[in-house]
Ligand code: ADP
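Shown here is one chain on its own, the form predicted on its own, set out as structure tokens.
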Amino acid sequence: MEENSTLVETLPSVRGFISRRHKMLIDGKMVDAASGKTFASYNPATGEVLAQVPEGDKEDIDRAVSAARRAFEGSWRKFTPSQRGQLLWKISELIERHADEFAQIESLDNGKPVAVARVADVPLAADLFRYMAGWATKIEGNTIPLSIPGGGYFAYTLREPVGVAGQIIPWNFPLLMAAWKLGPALAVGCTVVLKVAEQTPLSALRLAELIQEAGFPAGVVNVVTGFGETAGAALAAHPAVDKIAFTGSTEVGKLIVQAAAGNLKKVSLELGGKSPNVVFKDADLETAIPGAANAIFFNHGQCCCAGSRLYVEKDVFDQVVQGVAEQGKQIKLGPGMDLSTQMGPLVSTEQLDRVCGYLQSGRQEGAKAVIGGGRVGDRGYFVAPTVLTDVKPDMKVYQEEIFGPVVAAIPFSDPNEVEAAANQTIYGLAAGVWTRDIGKAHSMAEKLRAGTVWINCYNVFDAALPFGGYKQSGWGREMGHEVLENYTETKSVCVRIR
């Protein structure tokens, strides 16, 4: 890593925000944790403490859920769909107004390049709120003709908000994941308790201030900082929560399901992945090679949909692997606040240890690192972009989600063989296919057991495009009109009219 090149000067507003006494949003007020405890949020580029935030726990969750319940049964019900849409639109405008500020907060707290956050995370978050603002006035039921002899009945359905939604978000896209969760829940008329990732709490706390500025009634949105084992667990198990939505690891997702069983609250889960990315020999390699590199190296590989299993047809295997390796070599590692940085650090020391542990396992089991293979430097949580070959299906690096910039490259010769291999996983979140043959492309898209299949592209997201997984990659969908199902109940009404 090079020192000092083009560091961005931290905005005065960001310096002021980072250094202030941080508080959570509960019942329309910014408050300390009931216990008075705080915990540290770290700058992953340096490993140094960035800020202290409230350590919310069960008592704070209780306060937040009570506030959300009062708002759902009171002030929020009085808002028309149009008024809800206007508030969501206002949030999108406020995010755009503070876009540079949010990009710097994300970079400092998460580690991602500020330039990437400015063109991806922040505008996508604003767009999500704007998209969901449009749906607020379009939550519609149906009239249903009944086949009862003699007639005399009028029947229809209503789509109603499920109630109080508990939402738990991860640390890889802090602001964007908050938007993915808050937007649809608020659009349909739910109230929310949002528990943010302990590693990256700051952008959600800034968003909480803008939610206040936008004019949401007290208790409609509550934002709690704290640890998963305490605050997160209390929210998932809370008997007054009607719905829990979680994004994170499959292992924790299973714990969420168990905790939610007490009152059988509705559950949606967006979980892990080990996504196959298939390159056929007839692909446009000038596009496929950088595409495959982007599929795994974007956001430092800390993407649930990362293309971490790269299947390449044998005739072009060496060319593609060398091409992806060359792309990885050219990536500049550095602090996110450096404009020349293309890949920042991993988010935490725990994540650094996890990824390095997988790399050690891969070496011990016989995998070969074409590039990378370990930590870079001794300050911050940096790991080199890594391409592994000689990977066998029984290796941990082949089977398990690493959540770092590590791709396992595997050759194949038979399309049927690669189809079976691609689907041989407990996950089913995403997949990629690279080919000039349109029939082959659509055939593979049909056969792959994944919630999203990208053809001749990767990591393309839009607020209108549903996202979610098959198998152990989750339940339900984020974004698009399908996400509204996560936060609504359908009521049938039948009236005797004669």
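Every value quoted in this text rests on a predicted model; they were computed, and no experiment measured them. Throughout, we count residues from 1 along the sequence that is shown.
Absent from the display: the form predicted together with ligand ADP. The rest refers to it.
Colleague: Heavy atoms within 4.5 Å of ligand ADP in the model of the complex: which stretch in 69-77, 418-426, 223-231, 286-294 meets that?
Modeller: Result of the contact check: 223-231.
Colleague: Check each of 190, 279, 196, 406 and return the one that places a heavy atom within 4.5 angstroms of ligand ADP in the model of the complex.
Modeller: Contact with ligand ADP in the model of the complex is made by 196 alone.
Colleague: Could you check which residue among 335, 161, 301, 248 gets a heavy atom within 4.5 Å of ligand ADP in the model of the complex?
Modeller: None of the other options qualify; the answer is 248.
Colleague: Can you check whether residue 171 is within 4.5 Å of ligand ADP in the model of the complex, heavy atom basis?
Modeller: Taking the distances in the model of the complex, the answer for residue 171 is yes, it comes within 4.5 Å of ligand ADP.
Colleague: Within a 4.5 Å heavy atom cut-off, is residue 256 in contact with ligand ADP in the model of the complex?
Modeller: Answer yes; at least one heavy atom of residue 256 falls within 4.5 Å of ligand ADP in the model of the complex.
Colleague: Taking heavy atoms only, is residue 252 within 4.5 angstroms of ligand ADP in the model of the complex?
Modeller: Output for residue 252 is yes: heavy atoms within 4.5 Å of ligand ADP.
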